[in-house]
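Consider the single chain below, provided in structure tokens and representing the form predicted alone.
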């Protein structure tokens, strides 16, 4: 009933929910039940690929909440995504134990290779799933809170804020590349074995993570829709459209921006945590500023300020990336830039704006 009320006047949201429900039912059946000789069979590679797209969609949803509804252009949301991924990766590394290349019961292989004698203090507790999940939410939201409190309190906005967020993720990338940080350096964290005692490479485990990704995206969408339709959401829209006027009538604008920014960071981090067990690796490259810029393109192409447009844009751009990097890898970056330019110039409301315009004309 809660979701039905939120989606009553949200056609795009209902379509997203129907598609997610269908995927959560049909994908497991087509992978685990349908024989491999059938035309309806889905390989484990396809399940993992679509699961990765789902985590990207959740990341795009997080960015659309702060950019599309609050006017905060963040070029550093990839940092929150990567921090969530590293939190999950640290848990998965602790589950390897003596099955690693060097057979050490406590230290991950890269620490043994670098002659570490004991586990760093910040790795303590990551052998417990509940602790790792707590860190998935706590670490990125704490970073977002500190960064946002300093930035919004200083009234940094617009392109200046975007540049600072980009500098943040770049600084984290350089830090995580260092072997001395204790996060695997350039190679990152990989060679995972189990998650909650289940083989992470098995088809059944991959399907379960896929279904969890569908559920997380659906829950994230409902939470964002609830926020934007609440009183808080209306104030946030006022901040986006007329920040100074909103401040002059008595609202503490900084608090509203900070709350939305922190919540968005949590969504991005959860996306990263679901991404890692599906792709099997997390490395400092996920902090690269280009990754955060790509997320902005997903949202712009799909439709900023719609939520469902961000999800559609994430799927469309990443499917195009998969296709073009396989068939015409030399033109992919040009195609990505072209998508952004065309959507900005000719489709300021993205593809969903084009469809909604066509619907109004037909009506």
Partner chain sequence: MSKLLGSRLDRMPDSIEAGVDTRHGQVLYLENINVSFDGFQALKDLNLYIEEGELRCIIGPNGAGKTTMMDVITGKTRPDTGTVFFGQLIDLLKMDEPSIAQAGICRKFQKPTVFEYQTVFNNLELSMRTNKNVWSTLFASLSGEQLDLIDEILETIGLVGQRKSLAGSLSHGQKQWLEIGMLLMQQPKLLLVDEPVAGMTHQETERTAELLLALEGKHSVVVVEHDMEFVRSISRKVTVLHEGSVLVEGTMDQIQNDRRVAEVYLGTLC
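This is a predicted model, so every value here is computed, not measured. Positions refer to the first chain, counted from 1.
Note that the form predicted together with the partner chain isn't included here; everything after this is about it.
For the partner chain in the predicted complex, the listed stretch (113-121, 249-257, 157-165, 178-186) containing residues with heavy atoms inside 4.5 Å is 249-257. Contact with the partner chain in the predicted complex, defined as a heavy atom within 4.5 Å, holds for exactly one of 226, 102, 198, 145, namely 226. None of 235, 262, 208, 222 but one reaches within 4.5 angstroms of the partner chain in the predicted complex through a heavy atom, and that residue is 235. Contact annotation for residue 203: none of its heavy atoms lies within 4.5 Å of the partner chain in the predicted complex. Although the partner is absent here, residue 242 sits close enough that one of its heavy atoms falls within 4.5 Å of the partner chain in the predicted complex. Mapping the unseen interface onto this chain, residue 230 counts among the residues with a heavy atom inside 4.5 Å of the partner chain in the predicted complex.
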